[in-house]
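This document starts with one chain, in the form predicted on its own, laid out as structure tokens.
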């Protein structure tokens, strides 16, 4: 049994669904972690220790999966795709390390973050290191187009984070603000990964795959934000209601706010005025958001983005890789079980 298959068995049906859609690129995907740690290997003991910890966290490898599937659409992948899949995951990992530092998060997927295990300063520098090594690998490969795609996504991710930090009144965060934010922080990198994958083996579908990745990324983040209101820790790897605990405003709350009574709105205001909301406050606001239609609205929007991603696949000819890209949309939307 491979390491990925063992991880899927441990995590249950959601991970098993991911494992199935990875089948067409299984052999290459198994090589990606080795490529990642080749790229970021360093003699410095503190970097080696941080790398060892990150290696043990075992992410889902979703971005490398999409990149590799896109590279197989015409079964003519040119040999760069495994290294570029590693770059995609390193850019994502760098953003995760930075996010945990910015949010002062201590736990991710049930394990201590770099921020908690080492220090805030090391987390910031480690994120910089991962990103710079990813860029160095792109330079080594010597192709301007993947470099252009990944650096544009990284720039958008950074600007998105800065805009979020600059938003002082959380409850004034609009739906338009939310769409801009999740495109920057999530969809931009998924779009870049799919585009770069196409560049490695199916350049005819470069724009189609960029569109697919963008829309997939929007559906992915909407669903992720929805899970924070609807699922327990064993599914998401983080406490249910954690966004509310951290005073983060996402689509379910944005959609529900205009439908709230004055009394309901005052209870939301009370939670956001409390620096350390307790579980009963969070459960109360989750119930209000549900009653006011925020959950249903977010679920509908996530489905709409997934449908647009599926439309982007229409020009792509039938193949095992294309089928997996279509199945990936179901996986993203159905992460409730």
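Numbering follows the first chain given and starts at 1. Note that this is a predicted model, so its numbers are computed, not measured.
Just so it is clear, the following notes concern the form predicted together with another copy of the chain, a form of the same protein that is not shown.
In the model of the complex, another copy of the chain sits beyond 4.5 Å of every heavy atom of residue 87. Within 4.5 Å of any heavy atom of another copy of the chain in the model of the complex lies no heavy atom of residue 178. Residue contact check for residue 148: one or more of its heavy atoms lie within 4.5 Å of another copy of the chain in the model of the complex. Contact annotation for residue 110: none of its heavy atoms lies within 4.5 Å of another copy of the chain in the model of the complex. From the list 169-177, 243-251, 95-103, 216-224, the contact stretch for another copy of the chain in the model of the complex under a 4.5 Å heavy atom rule is 95-103. Taking a 4.5 Å heavy atom cutoff to another copy of the chain in the model of the complex, the contact residue among 211, 80, 265, 163 is 163.
Counting a residue when any of its non-hydrogen atoms is within 4.5 Å of another copy of the chain in the model of the complex, the hits in 105-122 run 120, 121, 122.
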